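First, one chain by itself in structure tokens, the form predicted alone.
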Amino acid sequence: MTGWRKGILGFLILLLTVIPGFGDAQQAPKGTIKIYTSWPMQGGMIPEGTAMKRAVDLAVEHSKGVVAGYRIQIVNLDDASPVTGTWDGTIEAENAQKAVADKDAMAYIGTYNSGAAKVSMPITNKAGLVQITPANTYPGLTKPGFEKGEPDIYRPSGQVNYFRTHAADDLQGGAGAAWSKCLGLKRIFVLDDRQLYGKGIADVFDQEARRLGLQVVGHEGVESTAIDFRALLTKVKAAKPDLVYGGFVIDSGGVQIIQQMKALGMFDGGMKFMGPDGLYSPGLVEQATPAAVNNNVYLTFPGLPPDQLPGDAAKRFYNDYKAKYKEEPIGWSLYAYQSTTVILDAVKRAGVKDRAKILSAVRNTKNFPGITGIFSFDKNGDTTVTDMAGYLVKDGKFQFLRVIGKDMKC
């Protein structure tokens, strides 16, 4: 090979392997489509947030990074305050505005916290930008009958642009109450963090528990920024419940409640704690300590564990995630992956870089072969698949016990 030919070949190799995006551009002649993500990536949310980010990246990798002739680029944003380490409404609004203002942005995956979704939903709705959550479970974001004006107040355009591929809290709270009855836990004290998600799911649990004939001996809300709950827990202990149900997320008081229940000897007599998906995170075990949580804490989650999911798509996600990241895909990572695959499928079906057409394609998702099973979106943007899992924390891990549901048989 002559010298000048070697030089040209070397230059081409340099372009393909060193200069970012050049190789992709050759495979994606139509340009770039950006997908924005937004959830906390600080404090107690680092394990969960990292797992979700990895799952999104894996979904793009499985698509080879190019869909319908467009290179797919993920833009990860953090909606947590560097001061508090928890989600911040101002930051979430800024994140949504960034996505809306970016002409290449065709989808917004967020948020983790339901309260944060109330901030970004009207922004993406006005812009006609599809938003799909990997974790929000507050029912009023999509369903009427909860807070006044919901969900229409989040839809200023009058059109549905917000979707979720997992079940909402009206189903999860009811499933938790039914499971409590099956576990023989009849006297219950309910606690919540007074936030949209925590109070919402605790209220549903409370109502369904009473309907099922369980005795709710108390219901208290706490400040999510508090760390000392001993006075309250002394009152709870005196009520002699079989179960304390806590509507919390990992950074809103649930960890401290469990720690202090252990310190006050509340678990010694057989009392248990049950929480929702907001506590389903390795951070719970790490922060509350295995001594406090082991055999004392039940958790519910709107979906089956990754290794229990049916179908080849689920197996591919589970096996590839473990192989790539050397750990189990935790918590909401499976829905972060599934949300991304729904968007990528919509881009493929739309075939063009157009927000309205991509939104229409998502809205018309039918019989989608997701990792949680085949599902469609209903008129509210909710999934038709509602399987849920019940866990016990044992040996520092989340042990899957059974499939649960509002109408489950004991």
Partner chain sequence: MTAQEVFLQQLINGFTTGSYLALIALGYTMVYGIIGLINFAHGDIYALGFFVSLSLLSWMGVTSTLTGGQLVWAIPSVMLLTMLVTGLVNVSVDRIAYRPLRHAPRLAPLITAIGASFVLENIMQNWYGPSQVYYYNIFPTINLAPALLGPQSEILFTTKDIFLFAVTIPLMVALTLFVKHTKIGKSMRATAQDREAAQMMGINIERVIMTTFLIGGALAGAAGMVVGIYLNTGRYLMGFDAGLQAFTAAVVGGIGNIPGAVLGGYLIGFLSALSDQYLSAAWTRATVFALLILFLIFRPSGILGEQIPEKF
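Please read all numbers here as calculations on a predicted model, not as lab measurements. Positions refer to the first chain, counted from 1. In this text, rigid core is short for the largest set of C-alphas that superpose within 1.5 Å between two forms.
Another form exists, predicted in complex with its partner chain; not displayed. Remarks below refer to it.
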(message) At 4.5 Å by heavy atoms, is each residue in 49, 59 and 365 next to its partner chain in the predicted bound form?
(response) no
(request) Name the stretch: of 232-240, 196-204, 134-142, 117-125, exactly one has residues whose heavy atoms fall within 4.5 Å of its partner chain in the predicted bound form. (result) 232-240
(message) Just to be sure I understand the contacts: of 80, 293, 250, 188, which is the one whose heavy atoms reach within 4.5 angstroms of its partner chain in the predicted bound form?
(response) 250
(message) To verify the annotation, which of these, 150, 208, 286, 94, has a non-hydrogen atom within 4.5 Å of its partner chain in the predicted bound form?
(response) 286
(message) Even though the partner isn't displayed, in the predicted bound form is residue 223 close enough to its partner chain, meaning a heavy atom within 4.5 Å?
(response) yes
(request) Using a 4.5 Å heavy atom cut-off, state whether residue 381 contacts its partner chain in the predicted bound form. (result) no
(request) Please check if residue 69 has a heavy atom lying within 4.5 Å of any heavy atom of its partner chain in the predicted bound form. (result) no
(message) At 4.5 Å between heavy atoms, is residue 312 in contact with its partner chain in the predicted bound form?
(response) no
(request) Can you tell me which bits of 253-279 touch its partner chain in the predicted bound form, meaning any heavy atom within 4.5 Å? (result) 253, 255, 256, 259, 260, 263, 264
(message) After superposing the rigid core, is the C-alpha displacement of residue 262 2 Å or more between the shown form and the other one?
(response) yes
(message) So that I can tell if residue 155 moves, could you say whether its C-alpha shifts by at least 2 Å between the shown form and the other one after the core superposition?
(response) no
(message) Given a core-based superposition, decide whether the C-alpha of residue 290 shifts by 2 Å or more between the shown form and the other one.
(response) yes
